[in-house]
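Below, in structure tokens: the form predicted alone, a single chain.
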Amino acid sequence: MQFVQNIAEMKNIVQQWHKEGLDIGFVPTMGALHAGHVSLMERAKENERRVVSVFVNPRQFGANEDFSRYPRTLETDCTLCEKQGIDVVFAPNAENLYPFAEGVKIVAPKSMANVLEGAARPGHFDGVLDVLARLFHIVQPHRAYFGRKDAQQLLIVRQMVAEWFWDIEIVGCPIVRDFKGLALSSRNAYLSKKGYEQALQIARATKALEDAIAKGSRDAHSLLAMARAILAPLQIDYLMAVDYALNEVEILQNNASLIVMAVIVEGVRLLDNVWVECNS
């Protein structure tokens, strides 16, 4: 496995792979890697070369958010990537990735970026798209892999790639949960033992939603009421049924809608969601 920090070096590696006709799979991360990230790396095995980026992006954190205390475990992350057979860990620094004090900015579509997470975190998705546009340009992947837990991010990134006519397949991968059903997140580490037990109400709510949807329930009002009752002891920031453009819906449609939620436990913002899918 190669560890690369220099942008020019990363581009040279990628150019050689392209000359050899090799498919490139890319997993962009902010580090503090866990089993959810490993599942993305596993899915990326459909490519002949795999790159994982590790970069805690300052542009997607708000003024009162946890950029300074966000877990940074680069050495451990590299060890995990090496065990997974990753070809390159790309870990640029902010000075190189953002070389200009006042650079070109990317603005996410307001209809998708100013709701849900964006309502609580103004400018967050501008920062997400900004860093991804740079990383996509450097790594030039054929496929990029994102977890479905961050549903709003996944949908906005898909729009950016489609709108800019980039030949990159954005692959959404299933949510990975721990043995009690809580969606894996680097921020779970902030929870105390008591907080973790409280957060399991989120897992119970998503399981109840999945079961009801599997039985054919599509009425958003009744589904949300059920979830809200389960989550009642916790602080719910939002709990909504939306389509893939993030418009609120009353009736869920197969392969076109999902239920999203953000719940705050001990000051930690935890996301989860349930996608409505039908393979028949």
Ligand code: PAF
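Counting begins at 1, following the sequence as shown. Bear in mind the structure is a predicted one, so any value in this text is a computation, not a measurement.
What follows is about the form predicted together with the named molecule, which we do not show.
The named molecule: the contacting residue among E210, D87, D178, D150 in the predicted complex [heavy atom, 4.5 Å]: Here the answer is residue option D150.
Answer option from V38, M240, M30, L231, heavy atom within 4.5 Å of the named molecule in the predicted complex: Partner contact (heavy atom, 4.5 Å) among the options: M30.
Residue contact check: V131 to the named molecule in the predicted complex, 4.5 Å heavy atom: Output for V131 is yes: heavy atoms within 4.5 Å of the named molecule.
Joint contact, N57, Q60 and F146 to the named molecule in the predicted complex, by non-hydrogen atom at 4.5 Å: Per the other structure, all of N57, Q60 and F146 touch the named molecule.
Which of 73-81, 99-107, 167-175, 131-139 sits within 4.5 Å of the named molecule in the predicted complex, heavy atom basis: Residues of 131-139 come within 4.5 Å of the partner.
Residues in 76-92 close to the named molecule in the predicted complex, defined by a heavy atom within 4.5 Å, in order: Residues within 4.5 Å: none in this stretch.
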